[in-house]
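The chain that follows stands alone, in the form predicted on its own, written as structure tokens.
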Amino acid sequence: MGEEIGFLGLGIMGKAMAVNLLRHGFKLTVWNRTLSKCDELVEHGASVGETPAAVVKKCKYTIGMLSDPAAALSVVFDKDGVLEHICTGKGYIDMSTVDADTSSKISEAITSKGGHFLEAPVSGSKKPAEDGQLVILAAGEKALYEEALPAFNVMGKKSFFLGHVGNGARMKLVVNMIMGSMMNAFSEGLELADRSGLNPQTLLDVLDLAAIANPMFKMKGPPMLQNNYTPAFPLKHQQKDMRLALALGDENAISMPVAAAANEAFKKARNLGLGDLDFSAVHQTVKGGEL
């Protein structure tokens, strides 16, 4: 299907997104810091690039899906990185969740070499990524957005173009800040019901019929009651997003006591060794005891 697309970063999200593209007939060249993670993608028909630079050299546009700002910057600026072969006519789309400053640094570096840049963080975790049901929050070069829309339409159920670089990053942080705060309130509610002598499953049933019914409670509640925190969105990444959202609040002089308290709970969970589990494992900070 058309020209080959590059794809850098095959973690939980990147792998699911790349597999989806391959299943829909897109040609991909992939790279991951641990190259063995590319093997499964090769089985689905992908080629492998030895470095980010090699991938960019081969493809008209390349997507990055990295874990945090440090990883997103490293892939672009380090030796054998994106910048070595980005040039006029080539595009780079960073779908990682980073802060607006990181996105702007990457954008300036790409455009200074004649390349096109788009930030396009996503709302959604492992299952929506596998099902092509992500929400894509894009900003930057409109022409690159239009070019990438066929791929976005496979990876996501809806794409938003939000204007200037930084707006996609900001929107994603606001969304994840709300999500992290909600997860903490949900965890406290489940535990309060249990210790008050109520059946937590009945609470889930009531919530599902109430005005605050939402897909997150419906999806996360039952496994949380079983202490099942198989990672769809790792807790350490949720805490990173809370931290970045609070920094955005500082920049805009917004008082965010609920988000700040939620961030402390996620930090506590990381300190308990729960960082690689799903972000719903913050439940354990309320529940106490061993997993």
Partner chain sequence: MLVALFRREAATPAPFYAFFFFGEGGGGGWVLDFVELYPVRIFVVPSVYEFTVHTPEPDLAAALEFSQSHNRSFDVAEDHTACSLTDCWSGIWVLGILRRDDKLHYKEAGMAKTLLLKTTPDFSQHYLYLRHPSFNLYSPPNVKTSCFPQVMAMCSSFYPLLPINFGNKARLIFPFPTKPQSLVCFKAFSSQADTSTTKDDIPARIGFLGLGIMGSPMAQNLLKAGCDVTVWNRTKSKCDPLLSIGAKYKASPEEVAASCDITFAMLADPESAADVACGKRGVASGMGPGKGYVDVSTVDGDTSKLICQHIKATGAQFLEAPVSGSKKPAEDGQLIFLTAGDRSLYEVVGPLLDIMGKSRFYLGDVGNGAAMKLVVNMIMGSMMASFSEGLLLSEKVGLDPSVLVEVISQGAISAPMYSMKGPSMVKSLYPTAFPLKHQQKDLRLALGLAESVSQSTPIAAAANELYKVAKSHGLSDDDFSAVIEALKARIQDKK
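This is a predicted model, so every value here is computed, not measured. Numbering follows the first chain given and starts at 1.
Unshown form predicted in complex with the partner chain; subsequent notes refer to it.
Contact with the partner chain in the model of the complex, defined as a heavy atom within 4.5 Å, holds for exactly one of 83, 179, 71, 144, namely 179.
A heavy atom within 4.5 Å of the partner chain in the model of the complex is found for exactly one of 38, 232, 54, 256: 256.
Figure note: of the listed segments 161-169, 103-111, 74-82, 145-153, the one touching the partner chain in the model of the complex, with heavy atoms no more than 4.5 Å away, is 161-169. Within 4.5 Å of some heavy atom of the partner chain in the model of the complex lies at least one heavy atom of residue 191. None of the heavy atoms of residue 89 is located within 4.5 Å of the partner chain in the model of the complex. Interface membership of residue 127, defined by any non-hydrogen atom within 4.5 Å of the partner chain in the model of the complex, is ruled out.
Among residues of the shown chain, residue 118 is not one whose heavy atoms approach the partner chain to within 4.5 Å in the model of the complex. Residues from 232-252 that approach the partner chain in the model of the complex with a non-hydrogen atom closer than or equal to 4.5 Å are 245, 248, 249, 252, in the order they occur in the chain.
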